[in-house]
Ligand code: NAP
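Listed next as structure tokens is one chain, alone, in the form predicted alone.
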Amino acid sequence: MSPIRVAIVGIGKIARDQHLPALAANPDFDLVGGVTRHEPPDGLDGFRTLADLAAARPDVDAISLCTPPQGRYALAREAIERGYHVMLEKPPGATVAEVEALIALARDKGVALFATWHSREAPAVETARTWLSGRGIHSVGIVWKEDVRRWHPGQAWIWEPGGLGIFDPGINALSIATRILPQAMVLHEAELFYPANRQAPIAARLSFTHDRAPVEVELDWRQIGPQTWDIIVETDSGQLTLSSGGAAMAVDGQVVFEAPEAEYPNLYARFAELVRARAVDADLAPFRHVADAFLLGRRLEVEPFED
């Protein structure tokens, strides 16, 4: 079977750190170019627009869209209308409605669309999902704290409307929670902490219920030192802890599963399946929770943030 000819659109930090290495290691794909406003990596043909790519490489099958969420809808729509299969880096767009429109368009055109949640591919996530199945959930605590200067240095787009602010990493936690918990969560209260000089929050506290069980979420982008990515679930048969962003799972304090990270290789393996089947995989549950937080959240102002 011939490799899928794919181009990267938007070659920033996440594309260089994760997408390019994952593609290079996957024989199902042949990376044929990149659409970027900047100098492409050595050995990769660069194009300014999708039209330039299409003119130079009419054989392209798919694109992986790694731009910031603002403006992504127009690019994804153009790609789908050109007949390309499309993979979306998270978050899948700037609004829920525009991603729903892309899903409908992809189905109408008969092309694959993959709205990815890379944290769901953390090694212990499916083990946790299986362990929680059939158990009674008493409470859930999620603590996701990291240093924005380490992970998003100088990326001004994350502080603009549509950039999500703290929900750029926080949606990773929500993507895991919506995967492993047996029932849907419903948001009841939210506090969003906005720096005085920014248009997106730097921290958030969210209160959900899962059936009748409370789910408390604490997100913060001001963490210095070790980073915290933990989910703790109290059940009728013990405490489950997912740590290191889903890399390790413990039950009652004893590690029962841990494995090396392979999130983006797994995403591209799934994308190859979707391309072959011309199928859509787009679970918007994490994105809807973020939209609900902006709808319901009480805005609180905190000190200015300077990068």
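Computed from a predicted structure; not experimentally measured. Start at 1 with the first residue shown and count on from there.
There is another form of the same protein, the form predicted in complex with this ligand; it is not shown, and what comes next is about it.
Listed stretches are 199-207, 128-136, 107-115, 151-159; the contact stretch with this ligand in the predicted bound form is 151-159, by a heavy atom cutoff of 4.5 Å. Using a 4.5 Å cutoff between non-hydrogen atoms, Thr67 counts as a contact of this ligand in the predicted bound form. Heavy atoms of Glu121 never reach within 4.5 Å of this ligand in the predicted bound form, leaving it off the interface. Using a 4.5 angstroms limit between non-hydrogen atoms, Tyr264 touches this ligand in the predicted bound form. Using a 4.5 angstroms threshold between heavy atoms, Val290 stays clear of this ligand in the predicted bound form. Interface residue among Ala62, Val35, Val32, Ala272, judged by heavy atoms within 4.5 Å of this ligand in the predicted bound form: Val35.
Although this ligand is omitted here, in the predicted bound form all of Gly12, Arg72 and Glu89 have a heavy atom within 4.5 Å of it.
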